[in-house]
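Heads up, the chain below is alone and in the form predicted on its own; it's given as structure tokens.
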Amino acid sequence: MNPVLPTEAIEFAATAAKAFAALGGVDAARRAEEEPARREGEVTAALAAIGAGDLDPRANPDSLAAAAALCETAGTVALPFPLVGTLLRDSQQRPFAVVPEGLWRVDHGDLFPQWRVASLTGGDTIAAANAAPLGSRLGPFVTDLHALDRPTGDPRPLDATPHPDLAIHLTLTAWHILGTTGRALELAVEHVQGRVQFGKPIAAFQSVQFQLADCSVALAGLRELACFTLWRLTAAPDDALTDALALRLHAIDVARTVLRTTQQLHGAAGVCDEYDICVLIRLVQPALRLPWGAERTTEALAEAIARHGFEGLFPHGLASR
């Protein structure tokens, strides 16, 4: 495994970063909350300009790495668009989403007339939005979907074959979370360096330094695991779902720690929309909670290990039998 993304993927991400900066960075997310139609206008145009529509992460390892780098970059600005889903679109341009069992909720579900959806227990199901976004605390653009080809929540066998795009979707979502948490740490560092208390920047206080160091180490570990999972998606695609679930669980855990710490280091400013940290934390919530939060992801990971095993330093599950 190479822990560094290919040069082409890094360059593509740099191009995307310039395009997102031209939109105003996090300000594009603020404008989208005020005028949701902007998501179909300026954001779609920016993605088209950098050639995101030509990128298929299922094509080859280099395309997968480029998609991961793009999702990470989108996470740094809370890009108000279902990027992961559209990267996994089908021939009819329907985006793909992983949904909870029973109640199907998707971020930005209102942007497309139809979606392809799958859960841990199976897919492909064609779905459409019930109505406009819910505007809930889960996220301003979260939308409920309903099935077009079968009743919503109709169960499938637990041993159903996982959808081939399921592991990729979970992995790219983790890269998006990585981008958001990494940017949150950068913002916290900038804030503590400029915030003066008792005659010196609060970055000079050892307790603050310890907290930032812990966040930095956690993010480095998450990046390493994210790169490993990309490799597993191509090296062992039949077993990669377990790795993708493990990555998702770790991403949720790291994000919970890093986002809490960085917001606390901002003080009262951390809950003010005028500060980017607040917008980033609010808009990453759907990625952290959908299709499942930490508890359901842990259950799914345990079930996957029991069924398929888990490659690691020590044998687990079927791999040990």
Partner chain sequence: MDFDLGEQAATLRTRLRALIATAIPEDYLGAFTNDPADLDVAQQFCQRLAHEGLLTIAWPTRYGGGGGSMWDQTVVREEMWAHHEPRGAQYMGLNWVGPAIMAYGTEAQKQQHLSAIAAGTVIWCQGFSEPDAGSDLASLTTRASVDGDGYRISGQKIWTSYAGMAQWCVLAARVGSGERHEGITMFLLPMDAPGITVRPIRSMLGYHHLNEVFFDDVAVGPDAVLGGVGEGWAVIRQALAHERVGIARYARCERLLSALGAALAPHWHDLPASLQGQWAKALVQVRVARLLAYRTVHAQATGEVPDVLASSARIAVTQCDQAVAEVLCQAVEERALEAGPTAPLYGAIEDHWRYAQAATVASGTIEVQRMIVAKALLGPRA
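Fair warning: this is a prediction, and the values are worked out from it, not measured in the lab. Residue numbers count along the first chain shown, from 1.
What follows is about the form predicted in complex with the partner chain, which we do not show.
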{"query": "Sole residue of 142, 117, 185, 192 within 4.5 Å of the partner chain in the predicted complex, by heavy atom", "finding": "142"}
{"query": "4.5 angstroms heavy atom contact with the partner chain in the predicted complex for residue 176", "finding": "no"}
{"query": "4.5 angstroms heavy atom contact with the partner chain in the predicted complex for residue 58", "finding": "no"}
{"query": "The partner chain contact in the predicted complex: residue 103, any heavy atom under 4.5 Å", "finding": "yes"}
{"query": "Residue 197, heavy atom within 4.5 angstroms of the partner chain in the predicted complex", "finding": "yes"}
{"query": "Region of this chain that lies against the partner chain in the predicted complex, out of 66 to 74, 37 to 45, 50 to 58, 277 to 285 [heavy atom, 4.5 Å]", "finding": "277 to 285"}
{"query": "Residues 14, 19 and 181 all lining the partner chain in the predicted complex, heavy atom within 4.5 Å", "finding": "no"}
{"query": "The partner chain in the predicted complex - contacting residues of 259 to 288, heavy atom within 4.5 Å", "finding": "260, 263, 264, 267, 268, 269, 271, 272, 273, 274, 278, 281, 282, 285, 286"}
